[in-house]
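Only one chain is given next, in structure tokens, and it is the form predicted on its own.
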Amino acid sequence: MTPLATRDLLGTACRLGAALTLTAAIALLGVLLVQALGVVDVGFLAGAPSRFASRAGVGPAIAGTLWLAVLTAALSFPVGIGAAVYFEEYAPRNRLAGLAGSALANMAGVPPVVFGVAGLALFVRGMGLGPTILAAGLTLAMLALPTVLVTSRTALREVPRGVRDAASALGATRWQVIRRQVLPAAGPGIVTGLTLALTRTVGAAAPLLVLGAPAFVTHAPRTPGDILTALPTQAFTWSTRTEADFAALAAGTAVTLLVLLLTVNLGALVLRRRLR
């Protein structure tokens, strides 16, 4: 087979894979929308969970998800970006630093349920926080941190070395080079990584279930010390019910979560364009 034919074959395979992935995503979204039809309305979004499907809503779960998103971002983003700057700009190029960076990067592939077990032992039981928003936020921050670190390091690594050399030649200190040249240049890539980490963690149900998220919370959390509730756990709870009405509620909850994550991605897209 000639190189040109091989390239055409690979291109066809890639297009076929993309088409299949897009078709599966559209089919999944279509099924959710059909099941959620007639469920998602103002009363559903503002109401509280109920034992009666006609009265149930996801207001407390939305509030809990927003709390988790804010806590996860506040706890993981500064630490992850700071660690990425250290490993790329300050850390010595030796075996120890390489092993440490690789170990942290490999944590991005650890299943979320493992972080849930760690959060259960460390925050829920060890620190006595119980199944609260704060314990869940700390656990999700651990889950997001490796992704933030890996993507931020990649974005920093893609900044041309000439940018650093030119700024240093003009008399800028290392920190001035990083703050005024490297970080702004890597900004769009860092924002992409932050968005990926946040959407991955906010939509994860397994860690929250392991922490002991209650199945029935009727009040919205007002402080990080309040009881844990979130859209992923609410969708899981309703999906375990055998009644068809609760299956529709689970689909409506999933659609609400997807819309929330889509809003986050659109906001990140606007920010990336401004940074560029």
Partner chain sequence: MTAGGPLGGRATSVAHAGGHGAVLRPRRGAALSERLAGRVFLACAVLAGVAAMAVVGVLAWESAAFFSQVSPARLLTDPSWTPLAEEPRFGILPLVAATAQIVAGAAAVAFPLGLLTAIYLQYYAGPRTGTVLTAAVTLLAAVPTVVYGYVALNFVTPALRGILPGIGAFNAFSACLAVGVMILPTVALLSRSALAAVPHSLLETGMALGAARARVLTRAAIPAASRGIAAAMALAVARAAGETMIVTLAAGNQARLTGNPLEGLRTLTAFIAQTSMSDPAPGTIEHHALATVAAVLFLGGYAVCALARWIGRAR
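Rigid core here is just the name for the largest C-alpha set that superposes within 1.5 Å across the two forms. What you are looking at is a predicted structure, and each value in this text was computed from that prediction instead of being measured. Positions refer to the first chain, counted from 1.
The form predicted in complex with the partner chain exists for this protein as well; it is not shown, and the discussion that follows is about that form.
**Item:** Listed residue (117, 97, 74, 127) with a non-hydrogen atom within 4.5 angstroms of the partner chain in the model of the complex
**Value:** Only one listed residue qualifies here, and that residue is 117.
**Request:** Sort through 145, 159, 191, 134 and report the residue having a heavy atom within 4.5 Å of the partner chain in the model of the complex.
**Result:** When the partner chain is considered in the model of the complex, the option within 4.5 Å is 145.
**Message:** Given the stretches 220 to 228, 45 to 53, 60 to 68, 236 to 244, which is the single one in contact with the partner chain in the model of the complex, using a heavy atom cutoff of 4.5 Å?
**Reply:** Contact criterion met by 236 to 244 only.
**Request:** Using the partner position in the model of the complex, report whether residue 264 sits within 4.5 Å of the partner chain, counting heavy atoms only.
**Result:** Residue-level check for residue 264: no, no contact with the partner chain.
**Asked** Contact between residue 182 and the partner chain in the model of the complex at 4.5 Å, heavy atoms?
**Response** No, no contact at 4.5 Å.
**Message:** Quick check on residue 268: any heavy atom within 4.5 Å of the partner chain in the model of the complex?
**Reply:** Although the partner chain is absent here, residue 268 would stay clear of it in the model of the complex, with no heavy atoms inside 4.5 Å.
**Item:** residue 40: touches the partner chain in the model of the complex, heavy atom cutoff 4.5 angstroms
**Value:** Contact check for residue 40: no, nothing within 4.5 Å of the partner chain in the model of the complex.
**Request:** Between 138 to 176 and the partner chain in the model of the complex, list the residues on our side with a heavy atom within 4.5 Å.
**Result:** If the 4.5 Å heavy-atom criterion is applied to the partner chain in the model of the complex, 138 to 176 yields 142, 145, 170, 171, 172, 173, 174, 175, 176.
**Prompt:** Is there a C-alpha shift of 2 Å or more at residue 23 between the shown form and the other one once the rigid core is superposed?
**Reply:** Residue 23: C-alpha displaced by 2 Å or more between the shown form and the other one.
**Asked** Quick one: core overlaid, is residue 14 moving 2 Å or more at the Cα between the shown form and the other one?
**Response** Comparing forms between the shown form and the other one, the residue 14 CA shifts at least 2 Å.
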